[in-house]
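Coming up are structure 1 and structure 2: the same protein chain in two forms, each one given alone as structure tokens.
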Structure 1
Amino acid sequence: MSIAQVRLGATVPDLPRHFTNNPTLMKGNGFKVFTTIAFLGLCLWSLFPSFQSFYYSQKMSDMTAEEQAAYMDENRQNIQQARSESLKLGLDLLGGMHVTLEVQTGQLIGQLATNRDSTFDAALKEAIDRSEAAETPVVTAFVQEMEERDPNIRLSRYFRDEDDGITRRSENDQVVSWLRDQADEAVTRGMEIVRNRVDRYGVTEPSIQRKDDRQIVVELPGIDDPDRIRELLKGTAQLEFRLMAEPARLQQVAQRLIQYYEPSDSALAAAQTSTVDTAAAADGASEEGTALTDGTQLTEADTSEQGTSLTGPDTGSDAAGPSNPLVEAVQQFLPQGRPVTIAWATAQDTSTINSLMADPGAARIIPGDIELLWSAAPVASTQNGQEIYSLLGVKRQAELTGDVVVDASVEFSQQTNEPSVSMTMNAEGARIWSRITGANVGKQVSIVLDRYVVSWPNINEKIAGGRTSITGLESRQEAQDIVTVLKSGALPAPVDIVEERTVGPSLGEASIRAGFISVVVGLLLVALFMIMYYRTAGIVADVALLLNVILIFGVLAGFNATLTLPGIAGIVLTIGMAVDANVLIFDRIREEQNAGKTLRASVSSGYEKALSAILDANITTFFVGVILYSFGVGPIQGFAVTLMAGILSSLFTAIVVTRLIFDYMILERQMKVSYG
């Protein structure tokens, strides 16, 4: 039906002229011209941030460190945007670390069991071995092992979880699906912990992804201390509840620290400036507005106060004299209304402050029972968008550790729909918690993960029943983050590094250079060869080839793909293979010309007859690309991506673009095109 209509339409006599038999034919190519220009425009547009980013880094490489910092501050937003949108370089080019972590879910099963016996232990051991040998999930292997030992076994004998409804009477199926959920959750939690740690290390653009059921792939560009990262990734997360330092003592510490770093003559001035702040801070309002309450009672929070002021004791920065390094690094000492915060600082200054604090003389000033720890998340931001972290005074001694937390969840108030965190502790934890909260009503308590303070709510009342509510949170996200931390307290299962690849920045640079040279030399030699062999047509093929390379890079940037060294190899290989389509066409045109056809007829039938071979040949190579992509990791996937992008764009440039050029030359300009 529809076919008949189309055919009818095509034979309508009064169709516009250029649809039927326009001698120039170029107008009929309008759509092709449009798509070519659109594609090219799109690619250049998606490559623009890459050029921008390159421009910035070139500009900054000529500057001194100070000029760089100033320039960075001035153009932070532009630079960051350009960087985040530019073509990503793989770790093998940039230098960095690729780590595959594996969560030992087998050991998790052992930890979850409440009463293990010899059958259980033997089955679990077998199951772990088996799941390592063949790729069966450990839970499945474990259940099979148990059933082999005793066909009528009731798994509920070993596991109990009242909250999830796993009791003595639970069916095996129920227990199995609960175990699977737990194993799955362990990996999710492991990922969260890893993300927290990596974020705190300050790696730019880390990538943390889950791979199959229990592996986590972590990619960290530009690492200068792989050793520390290894420790960071493997170490078990330590969640603690600690009381805070007394505000008055914290003030003294702050003053003495400033004095310690004060160039002798202006010591007095600094001590005075800081006391101005401390006076205000001393009345001890609830910091951040978060609060701890028993049950469901809510505390209204006032979180409007965001510290953006950048006052710090001004120690004569315009005078050429020596300045106080600590004062320089800190944004603000003892910010108002936050009694347990000793200072605010931007993320990039935290390491400077850490090393200043680690100085033996400074370390002596900090009392033995107090520790200064950073907040896990930023508390505010400066006017130019830098995030500010709090340096908090907390007690060195942990009152409780995370293993007492049985459960945590996000809840919403029925009246106000405000998010809160509900936390449940086991009996022993609840007893100690009740004593601590009872003795410290009105003060703050901190939740510390891996030596970073996640939250430091105010204790509103004595919490007796083990169920605690953290209220006054800013967002659902904040509540969720706290829940994640509370649940991750004791890392559910050990994590192993099963694969690690580290490339130093110098080798990365050498690889970029090598790749660049290969692309340029490859392009030049192939282009020369084509001109030699096919004359004018060779030049046209070279134009297509150049366009092809631009398109590949554009597609990679547009799809946010990562360029790796094998990826560059894929581009180089594509340069060699991309001309194939044109070679097929040109040879065909030559054959047609030899058969006595006119130039115009030869070109047209050359393209037509070569098409089937071109498609067959490229589809098969494309398949190989797809398979490589689905099996490969990192760099190999990069190769597969460029190979596939190269095939697609070379088909387009070789079939559509060259045809356009020939049509223009032959039909429009009546040129004699030589095919060599």
Structure 2
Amino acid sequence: MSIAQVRLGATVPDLPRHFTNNPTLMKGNGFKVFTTIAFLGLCLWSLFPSFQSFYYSQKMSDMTAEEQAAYMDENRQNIQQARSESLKLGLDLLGGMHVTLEVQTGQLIGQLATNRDSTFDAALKEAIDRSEAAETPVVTAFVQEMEERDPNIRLSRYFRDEDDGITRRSENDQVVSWLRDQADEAVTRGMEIVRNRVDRYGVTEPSIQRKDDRQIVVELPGIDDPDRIRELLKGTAQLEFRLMAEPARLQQVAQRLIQYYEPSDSALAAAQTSTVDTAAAADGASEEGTALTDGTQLTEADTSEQGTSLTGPDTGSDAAGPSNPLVEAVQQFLPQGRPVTIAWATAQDTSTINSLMADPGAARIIPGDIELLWSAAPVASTQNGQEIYSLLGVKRQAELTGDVVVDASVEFSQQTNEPSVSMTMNAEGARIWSRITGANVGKQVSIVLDRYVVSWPNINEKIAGGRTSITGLESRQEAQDIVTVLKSGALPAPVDIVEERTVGPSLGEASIRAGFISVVVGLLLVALFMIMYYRTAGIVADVALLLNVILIFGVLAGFNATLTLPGIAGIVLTIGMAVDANVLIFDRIREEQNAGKTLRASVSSGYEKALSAILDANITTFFVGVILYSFGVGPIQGFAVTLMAGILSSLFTAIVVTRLIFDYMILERQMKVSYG
């Protein structure tokens, strides 16, 4: 066949009919075909990370522990990205711990009051009881109690905060608004504290969400020690200000720790005999400072281009034989330009280093007045995406605690627009702070929360008056994080566990297996029924059904929803509802055929007449899903999300996809479609 023949409209008897241009199909269904392909492609793209994650899991399940660790190191970034973007599984499928925490707003109000009396205490106690009984905000209940006891009462009599504009002349509305802001901020601080602690526990993909005006829901998958988590979440946040250790002493400590873990017996013996007497450490500081000369060689090694590592001259890495476990665990010793940092290490190696530091012999090397703490946030990352944390030397004794911080905020320089943190202390804190900063100008002070160093700025001058500015921050986010920590340390409201559920991993696996079986069995039964009852049309409905399941999972993955056991029930329910729409359409088509219409006219009329009934049923059910999601919690919300996604996808497949297939079969292929 030549090109000329085609252009002249010559007969093309050998060309398959479905390759010809059918203007009727393309004109009416072009947009539908495009929408279907685009929707399907988008859902498959959303599910691709889930397929990747499943592939990695299956591949690693056949490996030994050593092979898994090596494979994880090589593919860490891809594996973490696949896991973070894959379809999330709820605790009932994955196993783990569900905890509901409640910020004690009543105690917060008591702490905020500057002038309490018997009326205040009685009203607050009654308000807490009323709030628990009626599930109303404590602030609202407290104001109601106070106004019921004295309609003319002025709340400014009990509360005063000059920084926030609450004075004795403030109206009740101002005070109430301020109390609500403080209660709201307390929950935000509580979430930040919980997040910091959970991150440090090493939980993969924890979920920390605010439930209402005072509750925080924490879901921790894969937890095998609920008691430890319980204590971790209930503990009181401890914010401290500590001076950093002297860099010269840290260099000595680093050198001795390396020597201690040298595999050579002579090096080990030398390190053990040179341990620092912890009791005499403080007194011997000047002598250790003199010994800085000993660390000169180490400093020179540090400044080399390779850097920075003390391992080169000491370990003899080229030699065969046992290696130094401490050197192997760290990324870099005494990183250049960071005098108070003793080492850098990846997050997964921090536990190994902690274990090595806990060894009695290694612990004796660390002077008694110095403590090695990890930075709260990563300071760098490796080429394969692993986050690196600093191991910092700080003084063991806290100079101040977070109780003295009364306010903190983010400010910007008028000249450079650089962010800074403004921190205000109370009178007692300001007095001590002035003495500390005055005696340590040029040194660094650390802000430590829950034994993790949040920031370690330099002291540029003596700070009197209690107002401090922390400058040199990289971004507004860093400034905001420090502000949150400073306020968290001063959190006056305790956080209690009010609900707790634990699901074992084996139960989660059993739930996944049972859910998978229920979906497959339900799908097969419905598919068989549709084929037996509607013949060819039943096969079309089954194709739409399979597509419907793919679209549901794609929508859930695309919107970062969590699949739970009730969610699987929602999918099974949706499978039934999806064929219900097809049943309505097919029966209508049957009626039209029985009335004597052609197949093409019957299909058109069948879809048109069944549409209103299908929309009525599905829209009604969809609104039920909206209500369940709005007022439900946990598993109920998971069921509602799956149900709503299933309704939308089933409407699309039943009305659009099946019609496209029928148009193709009837108009394009001239097929005789049986509707049973």
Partner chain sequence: MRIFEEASYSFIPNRRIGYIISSILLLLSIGSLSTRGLQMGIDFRGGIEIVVENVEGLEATDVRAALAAPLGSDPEVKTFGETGLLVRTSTELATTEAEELVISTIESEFAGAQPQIVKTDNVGPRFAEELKRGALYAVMGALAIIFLYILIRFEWRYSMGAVAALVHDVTITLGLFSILAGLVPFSLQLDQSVIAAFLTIVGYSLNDTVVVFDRVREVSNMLKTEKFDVIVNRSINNTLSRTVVTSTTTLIVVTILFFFGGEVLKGFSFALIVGVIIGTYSSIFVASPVLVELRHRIEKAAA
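Quick caveat, the model's predicted, so the values are computed rather than measured. Note that the rigid core is defined as the largest set of C-alphas that superpose within 1.5 Å between two forms. Just so we're on the same page, residue numbers count up from 1 along structure 1's sequence.
Here, the chain labelled structure 1 is taken from the form predicted together with its partner chain. With the core held fixed, the Cα of residue 101 is displaced between structure 1 and structure 2 by less than 2 Å. In the core-superposed comparison between structure 1 and structure 2, residue 597 has its Cα shifted by at least 2 Å.
Annotation: Cα of residue 131 displaced by less than 2 Å between structure 1 and structure 2, core superposition. Superposed on the core, the two forms differ at residue 554, whose C-alpha moves 3.1 Å between structure 1 and structure 2.
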